[in-house]
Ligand code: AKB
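The chain that follows stands alone, in the form predicted on its own, written as structure tokens.
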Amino acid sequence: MVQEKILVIGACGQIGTELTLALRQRYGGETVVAADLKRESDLLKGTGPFLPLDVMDKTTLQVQVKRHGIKSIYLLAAMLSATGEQQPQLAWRVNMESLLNTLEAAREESVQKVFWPSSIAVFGPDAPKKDCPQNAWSTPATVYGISKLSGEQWCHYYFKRYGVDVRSIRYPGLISYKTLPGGGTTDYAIEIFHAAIRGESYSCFLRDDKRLPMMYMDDAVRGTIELMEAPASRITVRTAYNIAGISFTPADVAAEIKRLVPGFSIEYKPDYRQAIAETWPESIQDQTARKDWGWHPEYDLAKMTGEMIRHITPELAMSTKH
């Protein structure tokens, strides 16, 4: 089967790297064009074409979409929650303009499908803390969450007004051994494994009992591809789908690590990210995604911890000492 060309924008980021590799494995290396403002990731080199691209430049984006015959776009470029709170106006501009430029390019160049990630950050302090439903009222407390909630409405608008087949997932905190965290409030759940492998005590920036929705990256990538492959007739949500993986606290993951790394130790020194985390749900409900396109997670905390410990070598582990 001949595959249409796919463009992954932000391909060298935490999600983008692994999603690009998975798409290339599934559809063929030359079919998937990786694009990023940064230099090409070492993990992507030799696996397919790479394109230096600033998604904030709408004209260049549109030219490249047309030149490469792109029929599907995955937009992963964004400023995340913790970084965004340091530069809120820049975060708003980056997150909104990148989406609007992509939606316009898709509309004008007849791109068949667009994927854009939303986040659990759309849920503010007034949303239910446990089993937060698909249609919970949202008043996000961060500029990242505000931009994601606004972006969901733009996705819905472009589908209804122009027929752009844009699909989205509200990702929880994502955990991966292949790429480093990118400035999010859930970054501790990656850093903690690196500290354990290096034999360091970890200083956690959240409280020991702060439960948050999380997900192993393999589940997130698989879910993204499954959503994009689902028939349009099955997609009932044109804002963004809730998907659930694992909900745990820093103390929970620390206990799992200690089973495999007995000497590991942790201390808790909450900082400004604790206040961000307090506004998010502890767990989310995802029956709509399960019903519409068959979503289900494959990794629980124990299975994820085993994978992380097995794959992060002492040579690759980053220091978490500051």
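Small disclaimer: the values here were computed from a predicted structure and weren't measured. Residues carry their position along the shown sequence, with the first being 1.
Keep in mind that the form predicted in complex with the named molecule is missing from the display, and what follows is about it.
With the named molecule left out of view, the stretch that reaches within 4.5 Å of it through heavy atoms in the predicted bound form is, among 116-124, 132-140, 240-248, 194-202, 116-124.
Using a 4.5 angstroms limit between non-hydrogen atoms, G173 touches the named molecule in the predicted bound form. Contact annotation for Y144: at least one heavy atom lies within 4.5 Å of the named molecule in the predicted bound form. Taking non-hydrogen atoms only, L227 never approaches the named molecule to within 4.5 angstroms in the predicted bound form.
Not displayed here, the named molecule is kept clear of L149 by more than 4.5 Å at the level of heavy atoms in the predicted bound form. Interface residue among L99, L80, A189, A106, judged by heavy atoms within 4.5 Å of the named molecule in the predicted bound form: L80. For the partner-free chain shown, just W280 of 276-302 comes within 4.5 angstroms of the named molecule in the predicted bound form, judged by any non-hydrogen atom.
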